[in-house]
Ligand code: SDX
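Single chain ahead, by itself, as structure tokens, in the form predicted alone.
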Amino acid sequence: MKDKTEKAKERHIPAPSVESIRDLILEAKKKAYAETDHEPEPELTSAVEWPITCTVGPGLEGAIACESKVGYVNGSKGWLIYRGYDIFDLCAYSTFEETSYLLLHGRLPSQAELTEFTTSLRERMFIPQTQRLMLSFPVETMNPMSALRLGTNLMRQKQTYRDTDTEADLKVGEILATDDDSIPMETRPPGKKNPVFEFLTGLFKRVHPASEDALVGSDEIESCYNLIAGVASVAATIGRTRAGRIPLEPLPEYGLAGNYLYMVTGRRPTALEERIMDISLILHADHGMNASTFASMVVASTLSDIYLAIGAGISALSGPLHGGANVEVVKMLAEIGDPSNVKKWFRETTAAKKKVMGFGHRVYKAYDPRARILGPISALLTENDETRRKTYATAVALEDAVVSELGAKKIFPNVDFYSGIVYSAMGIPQELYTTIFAVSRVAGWCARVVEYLENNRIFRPRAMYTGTFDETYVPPSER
């Protein structure tokens, strides 16, 4: 009889390469394109003539708030586009740094620009002053998203002068003139000729001296770079602190994804792990006018600074209806326990009218393209670990059961269904999953904030009053 070691050797499959990951993504793209046509929605992909008439549901669903060139989601066809580039191609060929540059600047960088940008982000991940401040708080017992919001605000304290007693001349009258309430709704806001966060001039502390030909040319973009890099370091610091260990510094040989993995786990990631984390960050970088993006834009529209705007995005993401579903998926799969238990569990769950986590989406009525990519990656990452392989097999069995039952109702796996399996396989604790979402989405938040402020109009929706009129005031003694 063969011993367990021999059986394990027989089961072992050589680790996939970075190139095989690319092939896997391109195969997912081929499958996705075979299931849909290639025409965008004409009513949602053209310039707007304000005012616009649209059908609006509760929670502003269906409302058109602005124009954007940053990203596009077509839920009926399962599309996710960043600045014209398909998410499958970006995940196959790009990096998170390159994708972030694309989102912020509207174009792919040259090789020299990409090298400078990547180096700049790595340097900006070094935030010892913010980390020291964080350690003066009980981060190890805080909700990780609360700690992330705290860390972002502490970055603001160390990287700007906004909270000092000395206030610069903010030219408030000039700023207000850019968004006067007297502007009729059919008139496009004039915006500002100079950088959109011009009012921060003189308040910003540059981390590195800028040369005349530096990549960075304005204060608000400097802040975006600091946030993209710094939020990753803050998230890693939270993970290390919760594990009872000291924060780590970024290493020069890794990009942002690799350094995040190193700084949170304490071990040097393999090239494959770094690439998969890179892909995971690309997948979450932007996703239309979701709640956290809208929250960031609303705060920024008041001309509050971008650190507080990103803090608002983190706050929105911390809600269970927006972030954290992948944690619940992992817990659900652990509860099911084995592929053989899926049918019984699913039958009982649907009979009790309980939600099956990781399925369905507010926007997607087709297979989520992010899940198309993360599903096969989950299979590769779990192949050589018996426990994780069983978890993945359980997920596949559950997907088969749900889609066969509810696929006609356009219920398919969403991004959260497989992302938790991917993170778990790379040694990331469950409580940090939502912070990874923020580490990625900060790029999209920043891009949309900067874009919107070019023609800023403070958000001011209305509520339908359904209260009473002509109430008579009665003194407290007579009530």
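Note that the structure is predicted; figures quoted are calculated from it, not measured. When you see a residue number, it is the position in the sequence shown, counting from 1. We call the rigid core whatever largest set of C-alpha positions still superposes within 1.5 Å between the two forms.
One more form of this protein should be noted, the form predicted in complex with the named molecule, which is absent from this view; the next part is about it.
**Q** Given the stretches 227 to 235, 248 to 256, 272 to 280, 352 to 360, which is the single one in contact with the named molecule in the predicted bound form, using a heavy atom cutoff of 4.5 Å?
**A** One stretch meets the cut-off, namely 352 to 360.
**Q** Does any heavy atom of Phe437 come within 4.5 Å of a heavy atom of the named molecule in the predicted bound form?
**A** Close contact exists here: in the predicted bound form, Phe437 approaches the named molecule to within 4.5 Å, heavy atoms only.
**Q** Decide whether Val442 counts as a contact residue for the named molecule in the predicted bound form under a heavy atom distance cut-off of 4.5 Å.
**A** Contact with the named molecule, no.
**Q** Any chance Leu321 has a heavy atom within 4.5 Å of the named molecule in the predicted bound form?
**A** Contact check for Leu321: yes, within 4.5 Å of the named molecule in the predicted bound form.
**Q** Give a yes/no on whether Ser424 approaches the named molecule to within 4.5 Å in the predicted bound form, heavy atoms considered.
**A** Although the named molecule is absent here, Ser424 would stay clear of it in the predicted bound form, with no heavy atoms inside 4.5 Å.
**Q** Only one of Cys66, Ala63, Ile411, Leu26 has a non-hydrogen atom within 4.5 angstroms of the named molecule in the predicted bound form; which is it?
**A** That would be Ile411.
**Q** Just to be sure I understand the contacts: of Leu121, Ala325, Ala312, Leu303, which is the one whose heavy atoms reach within 4.5 angstroms of the named molecule in the predicted bound form?
**A** Checked against the cut-off, the match is Ala325.
**Q** Quick one: name the residues from 369 to 396 with any non-hydrogen atom within 4.5 angstroms of the named molecule in the predicted bound form.
**A** Heavy-atom contacts to the named molecule in the predicted bound form: only Arg370.
**Q** Given a core-based superposition, decide whether the C-alpha of Tyr225 shifts by 2 Å or more between the shown form and the other one.
**A** No, shifts by less than 2 Å.
**Q** Rigid core fitted, is the C-alpha displacement of Trp345 between the shown form and the other one 2 Å or more?
**A** Shift of 2 Å or more: yes.
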